[in-house]
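Below are two forms of the same protein chain, given as structure tokens: structure 1, then structure 2.
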Structure 1
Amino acid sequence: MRALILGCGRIGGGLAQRLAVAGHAVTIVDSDPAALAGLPAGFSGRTVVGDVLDRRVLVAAAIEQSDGLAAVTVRDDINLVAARLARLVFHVPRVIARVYSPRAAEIYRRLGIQTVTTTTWGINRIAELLSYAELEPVASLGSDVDVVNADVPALLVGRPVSALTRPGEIHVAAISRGGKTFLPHLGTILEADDLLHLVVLASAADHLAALLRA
């Protein structure tokens, strides 16, 4: 893919390097030469110094031949304008704009601009990590199946093991309760303070996290 990145801050620079390492032809534009100088020494992409809203700069950065564009400068308004121009004037097939303000993502989509709100993503991810640290990996059986321990979530107390079971994906292998560990059946009722020993298909880990969150 020929990727064009507008803005060489932490996201732009990191994205450029990642795509270049993956073998894509990357061009990155920033008005500040010092920002571009901060790219890793082995960066294989092309750098262009200039205003990302100057048509000559965009054409010099080969916007017309680009397959994908990421507008990731520090300013929401510049990213939105650059993204819409990339879609409608230069017909770039894939265009993403990073915005800080999460409030208007839906409205910007109506303007043909797909946005990513890094703030919202960061908040959700941190909240997830803080809330679900109780999911404790115990062992991996091969690369596809994990054994994890989890405290029974309050909302599943009083429900049967089947409420947490997904055939072929998530099984409650054992339960530790009152100093003893036993093998449950699908009808075993979960009690407060149970420690669950689960066998999970690695690809279903998110699913399990969602079930435990419920």
Structure 2
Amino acid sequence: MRALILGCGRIGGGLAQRLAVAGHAVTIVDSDPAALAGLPAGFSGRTVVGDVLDRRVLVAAAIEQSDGLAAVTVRDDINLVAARLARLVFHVPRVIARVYSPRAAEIYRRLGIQTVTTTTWGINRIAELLSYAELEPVASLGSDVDVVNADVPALLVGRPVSALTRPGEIHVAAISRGGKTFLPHLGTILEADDLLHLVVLASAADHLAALLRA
């Protein structure tokens, strides 16, 4: 993927490095040379100094050849204008704008721009993590799905995996048993000392905790 990132703050710089390490062709634009100089040593992407709303700068950053663009400056209004330019003028296939204001995010959505609202996401995510401390996530898949490990409860021994499955919310992805890990099917019978590896929607974590307690 050829990715163009507008804004080299903490999110923009971190995103650029992550995509570059993953093997994507990354270009990042910022008007502050010092911000670009702060990228990690060995950053394999391309940097462009200039105004992220300047058409000449965007063309120099190869926006016309980009597969995706992320507008992640510190200003919502700049991100909105940049995102609309990318979609309507340069026809970038995938455009995402980072916003601080939930109200602004709603305006973006009405204009057809995909957004990441850090304030709303942060509030919801912290509340979710606080509410199910008994299930410690071992990995997160995006912002709304976690992988958790849990010992099979005694009352579920002898029951099928389907007893813990809730389509679209909770899935038993794998089971570790006797030193081996395998992928179960809905009819797999749970045994004592099984370690369950579950994929759970964050909003369903309390439900999962209740199932395991039961």
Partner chain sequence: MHILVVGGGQVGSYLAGLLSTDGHRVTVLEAREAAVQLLHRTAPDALVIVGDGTDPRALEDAGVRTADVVAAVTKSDATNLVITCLARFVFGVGRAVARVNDPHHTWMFSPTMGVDVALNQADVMAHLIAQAVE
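So that the term is clear: the rigid core is the largest set of C-alpha atoms that superpose within 1.5 Å between two forms. When a residue number appears, read it as a position in the sequence of structure 1, where counting begins at 1. None of the values given here were measured: they were computed from a predicted structure.
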**Request:** Can you spot the form predicted alone among structures 1 and 2?
**Result:** 2
**Request:** Spell out whether the Cα of residue 202 moves at least 2 Å between the two structures when the two forms are superposed on their rigid core.
**Result:** yes
**Asked** Any chance the CA of residue 190 moves 2 angstroms or more between the two structures, core superposed?
**Response** yes
**Request:** Align on the rigid core first; then say whether the Cα of residue 149 has moved by at least 2 Å between the two structures.
**Result:** yes
**Request:** On a rigid core superposition, how far has the CA of residue 180 moved between the two structures, in Å, if you could check?
**Result:** 29.8
